[in-house]
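A single chain comes next, written as structure tokens; it is the form predicted on its own.
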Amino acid sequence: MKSEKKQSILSIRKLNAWYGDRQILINLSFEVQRRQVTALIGPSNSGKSTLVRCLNRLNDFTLNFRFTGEILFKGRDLYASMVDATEVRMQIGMVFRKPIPFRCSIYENVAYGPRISGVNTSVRLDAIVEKSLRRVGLWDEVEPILDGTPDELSIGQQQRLCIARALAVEPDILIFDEPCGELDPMETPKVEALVRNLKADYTLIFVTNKRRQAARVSDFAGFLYCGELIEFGATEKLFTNPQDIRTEQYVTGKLG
């Protein structure tokens, strides 16, 4: 039987990060397991978004950002000089709090990634678009209006479209950075169910400051507070038998 360490797809080792002189992350170390949902929880300004932006190199675009430590993806240093950052962002996709559809048709939103990856036949693109939209439960809702724009969709449908767009390039890891933050109560359960279903094929990282949501969707969870990873482990244990008093205070609503 393989050990948990051998099953990890991401290894974060002694990660520190700064914006200018302000340190945001402090000596973080943990492993992300394959085909599991890992939740990152904690109050606002605890470093969650900075952390996940390190994992797919979005912080490359941020002025005065610097870091120390290692992030290994399948055993390879994500920040090594020969690593293509654009390729990293396709292998480790991101879904943001506010859906950001492209200014093109629903079809072209999903086909965009495969096109730039070299898929250029209509038959293959059609198959990828349909498969991706079915994966997020959106195909039946949008099939008659594929040539229409995302403006015709509800905010929840737009978020699922963005997830379909990310899935179309078959990433290894998909990061959700508070994906339900802009959604109404009717749409949120659809995204939560989607996250649970997707772990059969993908590794998922789910950022949220909603405690109950993290408990519902994740297998592992890490609690960040003031830039430190206070506790990390199986979600059930972290919520029912936390080892640090700050974790206990947070999951019971007394902190943050």
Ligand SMILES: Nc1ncnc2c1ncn2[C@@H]1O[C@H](COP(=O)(O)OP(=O)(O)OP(=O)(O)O)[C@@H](O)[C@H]1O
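Note that residue numbering begins at 1 and tracks the sequence as displayed. Bear in mind that the values here come from a model prediction, so they are computed numbers and not experimental data.
Same protein, other form: the form predicted together with the ligand, not shown, and the subject of what follows.
Though the ligand is absent from this view, in the model of the complex it lies within 4.5 Å of a heavy atom of just one residue from Q33, N27, N197, N209, which is N209. In plain terms, the part of the chain that comes close to the ligand in the model of the complex, with a heavy atom within 4.5 Å, is 48-56 out of 214-222, 48-56, 66-74, 187-195. Using a 4.5 Å cutoff between non-hydrogen atoms, R22 counts as a contact of the ligand in the model of the complex.
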